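Form predicted alone, single chain, as structure tokens, below.
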């Protein structure tokens, strides 16, 4: 029987023949993640954006800022809202007009991980205590769903937040916020009303990058019999079905553990191996993100915005 025909008729036995040799059909070792790339500034109209690819899986993340009035309970904090979407373009399994259950699950997971990891200190989003703060809308779009969606979406979210720059603004005594267009001799030119006005002595929040805490990175592993596969593609996720997702921060600390059922139990040995793979993967991804940030800072497109 030809190889392609055997794969179509008996996909699981086909995979198991390779797994027994500690390799996948494409030649990738079981513990190795797919090639990963990060590109910053993908959306010019966003305050921060990034496009991330892990293998064929592709995510686009963008951050837009709006001014909000902080709550009385947290007068010196802003807020972040996370939304994950899977349009029909990302997979033939996604139908137009039908909600995708995976999208709502990943959206909640992203929000929980970003909150529990304390990546963003919400006080960094404060403009004027009790008067104004930034509301950050983080939107993540799946452009190609080929496995490890949470891993890719989280990396895209972290990259977009790392690329984010808070605009320079001026706050009047009444709490009104204006974008700062120029400063000369202590005067601030503010736009946002019908005409540009000049004022003195207003509180000014300068343009700056958002300071981030220890960044979280996720690694999904598929468990099948005695085999553990890191960073599965969509075909592997469909065939093997038992998955574990570990999120570690760049300091090597565990942020979250997620196992959505499955036929294979998560034994202590399996969990320890997953954590070891996730810790190694976090170091790899951190270096990829660091290089992307350094390349972007040195690029003329960023330098001319300062």
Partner chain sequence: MAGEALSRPDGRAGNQIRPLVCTRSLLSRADGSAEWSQENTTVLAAVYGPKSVTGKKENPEYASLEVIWKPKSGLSGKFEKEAELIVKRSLESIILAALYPNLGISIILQVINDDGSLLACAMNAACAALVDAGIPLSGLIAAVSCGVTVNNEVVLDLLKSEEQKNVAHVCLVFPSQPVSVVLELASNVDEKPEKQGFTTCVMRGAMDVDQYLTCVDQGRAASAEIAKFLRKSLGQSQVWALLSFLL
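Numbering follows the first chain given and starts at 1. The structure presented is a predicted model; accordingly, all values stated were derived computationally and were not measured.
Keep in mind that the form predicted in complex with its partner chain is not shown, yet the notes after this line are about it.
Distance criterion of 4.5 Å from any heavy atom to its partner chain in the model of the complex singles out 112 from the list 77, 172, 112, 165. Interface residue among 144, 235, 124, 83 relative to its partner chain in the model of the complex, by the heavy atom within 4.5 Å criterion: 83. Taking the partner from elsewhere, every residue among 107, 259 and 279 has a non-hydrogen atom within 4.5 angstroms of its partner chain in the model of the complex. Note that among 50-58, 251-259, 30-38, 65-73, the stretch whose heavy atoms approach its partner chain to within 4.5 Å in the model of the complex is 251-259.
Residue contact check for residue 268: one or more of its heavy atoms lie within 4.5 Å of its partner chain in the model of the complex. Within 4.5 Å of some heavy atom of its partner chain in the model of the complex lies at least one heavy atom of residue 275. By the criterion of a heavy atom within 4.5 Å, residue 226 is excluded from the residues contacting its partner chain in the model of the complex. Although the partner is absent here, residue 208 is not a contact residue: none of its heavy atoms lies within 4.5 angstroms of its partner chain in the model of the complex.
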